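The chain that follows stands alone, in the form predicted on its own, written as structure tokens.
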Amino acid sequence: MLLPFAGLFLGFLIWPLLNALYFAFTDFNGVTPPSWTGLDNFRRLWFEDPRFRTALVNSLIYVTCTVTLSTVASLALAVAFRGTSWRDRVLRTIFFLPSVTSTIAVMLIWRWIFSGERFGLANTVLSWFGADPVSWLSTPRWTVPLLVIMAVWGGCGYGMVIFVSGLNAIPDELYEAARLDGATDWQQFRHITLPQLKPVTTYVVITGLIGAFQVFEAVYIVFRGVSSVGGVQDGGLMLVPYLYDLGFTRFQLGYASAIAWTLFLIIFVISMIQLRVTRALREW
């Protein structure tokens, strides 16, 4: 019974991964046979490619801000709307909707909101206060903050649902005992809710981290039409859009494979550190 699953797993996951690892050590353009170059792709990536360093720094800033803000917003929404009343159910549905809405449609709406013309929603609001329109999508210093806003808005609903499940699994007896001892709401949250939610928080943070490192649609759709896949002066260049640009626009598939494996190792190492820290805090 496991043979069909094993076949699909090996054919569509393990085999492509091993192929990508092989191509990472070659010069391959997708047409001519790959030629073995050893570690040249990785040496070029880390020591000779300023665009990769830009993409890496942008990704780290984006991931840190997105994961932190999304986790805090998700927990706050879960605590506020964890009940079973109609109001809580309706609000949970509203906040969860962006997580199941077509990403392309959502990104096109964001593109309209931050359009540099006067018909863009953000500039329309600014005009009400007499401010000049802002070229949101072509100003490098706004690129990463806008991407963080989009990610937090679209991702906090999913985290909220996970946190609500975790909150409902906490035994009520713990809160009743705390109230009998005179604990305030903040003390109950600090000493009962947060410790009980550690496994859930770990899951939300790691899945959010993996998703944030793989951001692509927001960069590609919202900033398309400018000179670079990462926006003006690569202000929003991230690792996956850079990988796509090199692999499927410039056909440097060997070099793109090196970026893909570098991204995999970064996510793996950060996830392991996160798990170790969480385990140490739990034992402490």
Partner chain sequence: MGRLLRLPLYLAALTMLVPFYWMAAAAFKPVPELTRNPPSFVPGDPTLDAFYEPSYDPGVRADQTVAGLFQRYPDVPGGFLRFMGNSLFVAATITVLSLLIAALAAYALTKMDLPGRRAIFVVVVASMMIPWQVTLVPNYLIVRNLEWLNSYQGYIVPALAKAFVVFFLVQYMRSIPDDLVHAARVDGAGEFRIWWRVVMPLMRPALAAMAILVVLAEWNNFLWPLIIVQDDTMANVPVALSRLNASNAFNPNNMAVIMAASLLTSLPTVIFFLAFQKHFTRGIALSGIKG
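We call the rigid core whatever largest set of C-alpha positions still superposes within 1.5 Å between the two forms. Numbering follows the first chain given and starts at 1. As the structure is a prediction and not an experimental result, all values here were calculated from the model.
The same protein also has a form predicted together with the partner chain, omitted here; what follows describes it.
Relative to the partner chain in the predicted complex, residues 20, 98 and 111 are all within 4.5 Å by at least one heavy atom. Mapping the unseen interface onto this chain, residue 162 counts among the residues with a heavy atom inside 4.5 Å of the partner chain in the predicted complex. Residue 2 belongs to the set of residues with a heavy atom inside 4.5 Å of the partner chain in the predicted complex. With a 4.5 Å cutoff on heavy atoms, residue 27 does not count as touching the partner chain in the predicted complex; it lies far away. Not displayed here, the partner chain is kept clear of residue 277 by more than 4.5 Å at the level of heavy atoms in the predicted complex.
Contacts of stretch 169 to 188 with the partner chain in the predicted complex, defined by any heavy atom lying within 4.5 Å, are made by 185, 186, listed in sequence order. With the core held fixed, the Cα of residue 273 is displaced between the shown form and the other one by 2 Å or more.
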